[in-house]
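Take a look at this single chain in structure tokens; it is the form predicted on its own.
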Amino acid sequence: MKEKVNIAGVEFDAVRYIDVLTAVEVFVNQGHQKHMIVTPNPEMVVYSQKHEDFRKILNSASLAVPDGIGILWAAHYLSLPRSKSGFGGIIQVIGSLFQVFFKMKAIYRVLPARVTGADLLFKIVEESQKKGWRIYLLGAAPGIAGIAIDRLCKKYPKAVFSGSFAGTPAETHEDELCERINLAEPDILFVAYGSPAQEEWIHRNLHKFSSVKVAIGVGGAIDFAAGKAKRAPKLLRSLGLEWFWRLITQPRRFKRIWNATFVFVKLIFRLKRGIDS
């Protein structure tokens, strides 16, 4: 892997989907070693500023992929020469944000691609047909993971799912969940408890698994796979406007979207200008 890119204390790998699939194959074939893959987005970076333990968990992962166009923008913006004046700095940040919509190729210079947890689930399941990886889905509401498996098997008929369970990220239920997963003997575990719960759960429990080689926190990916939640149209996703789609379709997420957009941009601007929070 290339040298990591640091954004507000969170380290990212400069990878594309093909690089992640290659890494997963290496991880699965590495015997008894266990690996966590995280998919930090702008909201998670903002959260990590006041939660050092969470930031340490993200940085302890074997692979951290940039989930969110905002992460690519931040990597690009932070790489630009620092403007000497405050006004020039404001013009620079506004100009770089316009590049997200009108000169998108520019923001792929530092981090080459956006790698989302939702898409990663589908791509790993597809790849598992050739590699024989056994997959387990943990999380989402009761029954949703089972529906997701049924739909995924129709699309990827050679994929092997060793089981699924909703469960809870509560520490009091961890031993029961780990025993259930160990009995299923999966190679890859997808955990959909939302962030930061899913990353914290994996960090606490990954060492307890006998067969799991790779564990990945994927947020709402199981809901998407089950058809219980709709992703933004491809055009909006390609323009980096998935957050806008979520705001329209799920207005209750306003605070989270605010943190992932305006608060995140402010954080990165102040970081580049050397302004203390």
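None of these values were measured; they are calculated from a predicted model. Residue numbers here begin at 1 and follow the sequence given.
Heads up, the form predicted in complex with a small molecule isn't pictured, but that's what we're talking about next.
Considering the small molecule in the predicted complex, the lone stretch of 68-76, 136-144, 176-184, 100-108 in range is 136-144 [heavy atom distance within 4.5 Å]. The shortest heavy atom separation between residue 266 and the small molecule in the predicted complex exceeds 4.5 Å.
Contact annotation for residue 220: at least one heavy atom lies within 4.5 Å of the small molecule in the predicted complex. The small molecule in the predicted complex comes within 4.5 Å of no heavy atom belonging to residue 121. Of the heavy atoms in residue 169, some are within 4.5 Å of the small molecule in the predicted complex. With the partner omitted from this view, the residue of 202, 192, 189, 148 that lies near the small molecule in the predicted complex is 192 [heavy atom within 4.5 Å].
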